[in-house]
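For reference, the chain that follows is the form predicted on its own, supplied as structure tokens.
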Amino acid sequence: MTIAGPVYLGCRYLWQHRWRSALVTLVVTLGLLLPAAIWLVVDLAEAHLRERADSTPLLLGAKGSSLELVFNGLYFSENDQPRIKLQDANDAAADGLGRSIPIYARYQAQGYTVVGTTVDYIDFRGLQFKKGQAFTQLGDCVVGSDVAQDLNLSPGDALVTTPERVFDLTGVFPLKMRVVGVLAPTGTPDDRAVLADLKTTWVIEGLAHGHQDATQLDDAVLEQRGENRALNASVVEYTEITDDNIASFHFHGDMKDYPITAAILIPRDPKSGVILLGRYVGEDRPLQLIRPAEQISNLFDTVFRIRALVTVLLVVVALSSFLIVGLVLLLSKRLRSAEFMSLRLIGASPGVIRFLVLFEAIAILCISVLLTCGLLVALWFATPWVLTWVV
């Protein structure tokens, strides 16, 4: 009997018992996939996070968790970050050792973080515009590519912020912002951010107020008493900054005392960076200045140790699964004794029968390897996209 005969019989057997073959293939595939997938995902996550951290020299924020500061200042994912003053950012760069870019990432608009900053941030990150231009006045905003796609926004549209509380006793209402620009895709958290001027985020906080003009809400009038109108519950309460009322918006007190959550510091040179770091050393300092790249490295040092432990456990589970698969194939060989006896009667040698069993095992292994490679390639393409949503 030639090799073609056992190969044909093996393929027919696998197809005849396709559900059992599929189950065995699935077990082997998972045993191969899970350890490799963990290494791949962690490596891609590290590359994704490290790239943005490496491009940010220094980050200034309130004393506390340095990792939370990194995630707020770089990835806009921690909205409860303690606040500092704008003056703190100005003081850090006051003597010309570097320049500061303030970040105020606290509020949301339709599920996306509103990032208060300056136009210097757009230049620092090298962001390009797909449509429109940068924000130039109070109430303007620039949306990332994912925000524009998900909410179907273009320059000229409006975006209303989300209040922190449903019933806000302080009278702080949502802000209706004008979309003036859409950023080109970058594959970074900027794709899911709404960039606005710092003053715009301070308006969201309630440091300036506005409301709809009651004289133009004829359909919402509940009661008219002379020139006074009582409006019903259908009125949408929000602050809208228009060309007609923008001049009326003003801020009380010194803006240098207004809040931000972080500030990016760009040293003039490496020596200036070391000097700046030295100024914020000490337990008594209310502020901290960190290198984001170091914090991400520390984070992944821990992740790598956990990954190694999890990988060992998954390898043990995989080996156990492979032993069970081997037992299944061995029992299958015993159950097929009558089939093998028939093959012997028609002239098949013991070597051919062993080759038949070996071919079936190798076929399952090859299919599992191909599936594993295909899934890893799909994971390699999908992970960066998923990370932009998670981080």
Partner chain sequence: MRTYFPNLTVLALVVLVVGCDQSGSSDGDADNNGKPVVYATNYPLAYFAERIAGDTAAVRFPEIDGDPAFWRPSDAQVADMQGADLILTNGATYEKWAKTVSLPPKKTVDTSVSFASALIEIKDATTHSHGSEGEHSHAGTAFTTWMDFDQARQQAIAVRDALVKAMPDDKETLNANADALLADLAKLHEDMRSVTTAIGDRPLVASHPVYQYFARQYKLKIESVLWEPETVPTEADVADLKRILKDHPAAWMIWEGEPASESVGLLKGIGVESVIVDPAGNRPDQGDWLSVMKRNIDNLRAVAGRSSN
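Because the structure is a prediction, the values reported are computed rather than measured. Positions refer to the first chain, counted from 1.
This protein has a second form, the form predicted together with the partner chain, left out of what is shown; the following refers to that one.
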Tell me, out of 84, 299, 159, 134, which residue has a non-hydrogen atom within 4.5 angstroms of the partner chain in the predicted bound form.
134
Assert contact residue (the partner chain, in the predicted bound form, non-hydrogen atom within 4.5 Å, options 294, 150, 123, 91) equals 123
With the distance limit set at 4.5 angstroms and only heavy atoms considered, check whether 138, 178 and 199 all reach the partner chain in the predicted bound form.
yes
Using a 4.5 angstroms cut-off on non-hydrogen atoms, would residue 99 count as touching the partner chain in the predicted bound form?
yes
Using heavy atoms and a 4.5 Å limit, would one call residue 277 a contact residue for the partner chain in the predicted bound form?
no
Residue 304 versus the partner chain, in the predicted bound form: is there a non-hydrogen atom within 4.5 Å?
no
Close approach of residue 118 to the partner chain in the predicted bound form, 4.5 Å, heavy atom:
yes
Please determine, with the chain shown alone, which of 183-191, 151-159, 243-251, 310-318 has non-hydrogen atoms within 4.5 Å of the partner chain in the predicted bound form.
243-251
